[in-house]
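To begin, one chain is listed below as structure tokens, in the form predicted on its own.
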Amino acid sequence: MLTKKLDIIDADRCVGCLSCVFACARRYGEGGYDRSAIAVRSVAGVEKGFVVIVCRACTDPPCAKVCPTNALVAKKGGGVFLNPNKCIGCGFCRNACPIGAVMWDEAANKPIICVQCGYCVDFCPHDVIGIVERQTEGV
């Protein structure tokens, strides 16, 4: 099955403008970046570049495996769905993600999960991120 997912196309192009982060947060109609599912961090100052952290839409997501209430459920083709009504805010999912791509809503005490919508892609002026197709097995 061919699926689409958000991916980092060229991290070296990132200038740390945070446009993708702000765009993601705007999905919820909010300003700022507190509710973004993407993070951009400086490696060691502007001259060293930036790290862009986005959900890799794992086909066997560790965040869903450790969820004690099944609030996170693996999607066919990769990534997860979050049912916030089932989430108890234990944070196991955040700790389980090997790349730190489970962001956290401190006010709601729940994870912020990338839904792979690609809304952020159009706001990246340097084509750092994009939607790519991938072949997944067993779907």
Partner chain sequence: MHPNDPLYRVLYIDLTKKIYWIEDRRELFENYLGGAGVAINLLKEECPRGADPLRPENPIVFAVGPFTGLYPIASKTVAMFKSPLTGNLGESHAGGRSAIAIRMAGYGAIVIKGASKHPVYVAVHGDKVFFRDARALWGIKSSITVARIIREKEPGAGQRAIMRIGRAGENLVKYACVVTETYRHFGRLGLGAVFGSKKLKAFVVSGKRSLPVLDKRRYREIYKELFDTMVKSPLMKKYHDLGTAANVIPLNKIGALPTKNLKESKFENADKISGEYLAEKYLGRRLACAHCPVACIHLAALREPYETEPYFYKTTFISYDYELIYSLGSMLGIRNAEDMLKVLDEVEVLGLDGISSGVVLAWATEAYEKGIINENDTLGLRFKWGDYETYIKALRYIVEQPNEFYKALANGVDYAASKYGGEKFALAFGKNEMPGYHTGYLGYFGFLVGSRHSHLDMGGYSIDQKALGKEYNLDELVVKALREEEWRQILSSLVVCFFARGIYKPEIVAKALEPLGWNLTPEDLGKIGAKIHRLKYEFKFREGFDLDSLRLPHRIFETPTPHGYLDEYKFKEMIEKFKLLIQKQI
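Residue numbers count along the first chain shown, from 1. Since the structure is predicted, the reported quantities are computational estimates derived from the model, not experimental observations.
The discussion below concerns the form predicted together with its partner chain, not included here.
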item: Partner-proximal stretch of 54 to 62, 69 to 77, 24 to 32, 85 to 93 relative to its partner chain in the model of the complex, 4.5 angstroms, heavy atom; value: 24 to 32
item: Proximity of Ile113 to its partner chain in the model of the complex, heavy atoms at 4.5 Å; value: no
item: Residue contact check: Gly16 to its partner chain in the model of the complex, 4.5 Å heavy atom; value: yes
item: Contact label in the model of the complex: Asp122 to its partner chain, heavy atom within 4.5 Å; value: yes
item: Its partner chain contact in the model of the complex: Pro98, any heavy atom under 4.5 Å; value: no
